[in-house]
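One chain comes next, on its own, written out as structure tokens in the form predicted alone.
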Amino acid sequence: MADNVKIGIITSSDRASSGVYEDISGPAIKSYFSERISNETEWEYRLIPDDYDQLVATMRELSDLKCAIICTTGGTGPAKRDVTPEATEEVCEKILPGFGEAMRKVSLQYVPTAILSRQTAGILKNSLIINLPGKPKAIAECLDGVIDAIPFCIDLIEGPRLEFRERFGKAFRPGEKSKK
């Protein structure tokens, strides 16, 4: 029996948070994990402006709410208002640069501008924070590049045991036989 899991989603967008357009990135993250993770899942969703202090506070809030995974979307490019990686580095006790490297490698197969992405990941208490791009297609591509590392990472930070739906194979854990 898989543990219950709580997943936090933070969409950082000045325009979406002010109602100029609908956020489609946050729902894309929820859809991605809902399709793959078999655990009973509770969701914490926040739509905020591209604001460093609000990002820092929201990441800390979601970690305090015991979110095992906190995914951010938006704010990872080189524009002046893109401050998500800086906020992530501010709150995290450990940075996991391999996540950003893997996601950029995947993205470069599709767009040459992937080298402009500054997304990263890190650990805050028992939460894994992952910065994702803002487009739903790119979110799925990036998560596909790191999804196999997520369950074991959550194990290592003493979070709930994540399991995948059967059609996606058994979640990878060193020393366990995989069905992939």
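Small disclaimer: the values here were computed from a predicted structure and weren't measured. Numbering starts at 1 and runs along the sequence shown.
One more form of this protein, predicted in complex with another copy of the chain, exists but is not displayed; see below.
- Here the chain stands by itself, but in the predicted bound form one stretch of 42-50, 22-30, 110-118, 59-67, 110-118, has heavy atoms within 4.5 Å of another copy of the chain.
- Though the partner is left out of this view, Asp148 does reach within 4.5 Å of another copy of the chain in the predicted bound form, counting heavy atoms only.
- Of the heavy atoms in Phe172, some are within 4.5 Å of another copy of the chain in the predicted bound form.
- The closest heavy atom approach of Ile123 to another copy of the chain in the predicted bound form falls within 4.5 Å.
- Within 4.5 Å of some heavy atom of another copy of the chain in the predicted bound form lies at least one heavy atom of Glu86.
- Taking another copy of the chain as it sits in the predicted bound form, the stretch 65-81 comes within 4.5 angstroms of it through a non-hydrogen atom at Gly77, Pro78, Ala79, Lys80.
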